Ligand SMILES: C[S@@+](CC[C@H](N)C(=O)[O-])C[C@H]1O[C@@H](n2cnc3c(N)ncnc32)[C@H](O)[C@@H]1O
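For reference, the chain that follows is the form predicted on its own, supplied as structure tokens.
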Amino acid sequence: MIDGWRWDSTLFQGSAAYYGRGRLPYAPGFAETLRAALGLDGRGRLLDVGCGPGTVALALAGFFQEVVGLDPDQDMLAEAERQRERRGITNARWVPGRAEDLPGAVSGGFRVVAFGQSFHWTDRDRVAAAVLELLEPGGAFVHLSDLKNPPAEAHSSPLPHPAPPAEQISELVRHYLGPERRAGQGTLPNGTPGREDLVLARAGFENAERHVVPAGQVVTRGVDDLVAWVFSLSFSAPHLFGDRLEDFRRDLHALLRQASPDGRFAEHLPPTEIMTWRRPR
């Protein structure tokens, strides 16, 4: 578990409406990279744990017979269903629940269980053991995330507009919410944990593989896109501001307009890191 923090249902409360617009996508080609790495061929089942609005599940749906998304936030699942209907995908369904509800929350027999930047919120040793039980022999645990500190060549294209003022935004959030990073009703005094490799090894997984999907494309964003990004984050979810939400929104708009008077920003799309581990056969 995360030191000094206990999960609660408000972690992403109010964020679902902002997620799709605010979050940058995974690198183009991440789904095809995963298909090739795991030999996906339209058979078997995928479980996407902490699926949010269905970003990973819907991108991979064409490679499986069935896709199941699990998330404790009902608003996220409602958004996932809207996206499923909009795309005309018929083999995806959504289940309310936490990762810690596994394996009982869903029936087993999955070819792949995926975590898209969600595993760090869980009781990782407990969840890894449950995933091992849910997977078919030889099935894959998949962890997707933005690549931290990508090499300089990944950012070779010049930016046509100012970069988002991330540090100033963080300072504004701290001004409203205090110096410790907020998360639901608690705080994260020591941040979230890493070293998933150690957790998976303890659980009995093997044959780790790492795949980096290149990106670096320049993405242009507007003020409302960056406001949506801020409200999509756990440490600045809308509910945390209480009756000061509109004051914060006003000050955030002012900060962004000062950083870019024409309201346009640009940033490089980060590469996507895909880690896979196998259940022994």
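The numbering used is simple: start at 1 and walk along the sequence shown. Everything numeric in this text was worked out from a predicted model, so none of it was measured.
Keep in mind that the form predicted in complex with the ligand is missing from the display, and what follows is about it.
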Testing 114-122, 201-209, 182-190, 83-91 against the ligand in the predicted bound form with a 4.5 Å heavy atom criterion leaves exactly one stretch, namely 114-122
Residue (of V106, M76, V173, L132) lying close to the ligand in the predicted bound form, criterion heavy atoms within 4.5 Å | M76
Taking 4.5 Å between heavy atoms as the contact cutoff, choose which of L226, C51, V67, L34 touches the ligand in the predicted bound form.
-> C51
So, in the predicted bound form, is P164 in contact with the ligand at a 4.5 angstroms heavy atom limit?
-> no
Residue contact check: Y18 to the ligand in the predicted bound form, 4.5 Å heavy atom | no
Is S236 a contact residue for the ligand in the predicted bound form, using a 4.5 Å heavy atom cut-off?
-> no
R98 near the ligand in the predicted bound form, any heavy atom under 4.5 Å?
-> yes
Heavy atom contacts to the ligand in the predicted bound form at 4.5 Å, residues of 54-87 in sequence order | T55, V56, D71, P72, D73, M76
